[in-house]
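What follows is one chain in structure tokens, specifically the form predicted alone.
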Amino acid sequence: MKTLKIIKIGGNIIDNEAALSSFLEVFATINSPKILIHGGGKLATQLANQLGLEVKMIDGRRITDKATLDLITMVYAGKINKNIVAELQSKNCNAIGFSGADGNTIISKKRPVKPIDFGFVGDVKKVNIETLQVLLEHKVTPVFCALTHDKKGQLLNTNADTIASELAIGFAKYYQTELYYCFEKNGVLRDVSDENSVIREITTQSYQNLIDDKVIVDGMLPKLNNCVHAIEKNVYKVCIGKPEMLYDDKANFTTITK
């Protein structure tokens, strides 16, 4: 079975031009089939402030009204996505930009308004991989932004970690799927004040123990829930850490398996 690497990059890599370029240099050299997913929250917030649009967040999640959806569509699917694709082309990686609407790849449902109305935010319902499979077979790399659609003409702001997890699950039947979450930390930390206290291996069983012991809390909980959900749905492994983990097995990062 072929290996497929699905890699999600966080905002701190996107926000730093040098860090993004360095990451894309590494990403372009991966020989196996691969898919890239990116967010872009900080740039969207900066532009919203410049345009006088109020940025509303609840528990770190963006409230997406119509004006905000217009803005993030321009930022995510436009500026960030196309710049990444252009830079990958310069590194001889043939890439194509995607939202969930393109090729009908990711269908979502607008999140229920209770108890909080998040606006035009989508929860993934279905992933269609047929179009993506054709591209991968022809050595074309899809680059996804954090937008999906509801099959009724409405785009929806969707969590990029969830998009990465659901794509990995969708491909698990056809590939040995490896899911990577690249961000600015070394991995899942046992002590948030100690950058080197990386938990190297987590299983679905030890994950529950880490929650019970309150080692995993706050913002890491939804990210780790996506990871464990992917493992339970036959994704081969999930890795969390800095981009070095993509080429250095001895780097300090977290691996999640069954």
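The structure displayed is predicted, hence computed values, not measured ones. Don't overthink the numbering: it's just position in the shown sequence, from 1.
The next section is about a form of this same protein that is not shown, the form predicted together with another copy of the chain.
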Checklist entry - Is Glu87 close enough to touch another copy of the chain in the model of the complex, meaning at least one heavy atom pair within 4.5 Å? => result yes
Checklist entry - Heavy atom to heavy atom, is Lys126 within 4.5 Å of another copy of the chain in the model of the complex? => result no
Checklist entry - Even though another copy of the chain is not shown here, does Gly119 get within 4.5 Å of it in the model of the complex, heavy atoms only? => result no
Checklist entry - Would Ala95 show up as a contact with another copy of the chain in the model of the complex if we use heavy atoms at 4.5 Å? => result yes
Item to check | Region of this chain that lies against another copy of the chain in the model of the complex, out of 189-197, 46-54, 22-30, 218-226 [heavy atom, 4.5 Å] | outcome: 46-54
Checklist entry - Within 75-90, which residues have a heavy atom closer than or equal to 4.5 Å from another copy of the chain in the model of the complex? => result Val75, Ala77, Gly78, Lys79, Lys82, Asn83, Val85, Ala86, Glu87, Gln89, Ser90
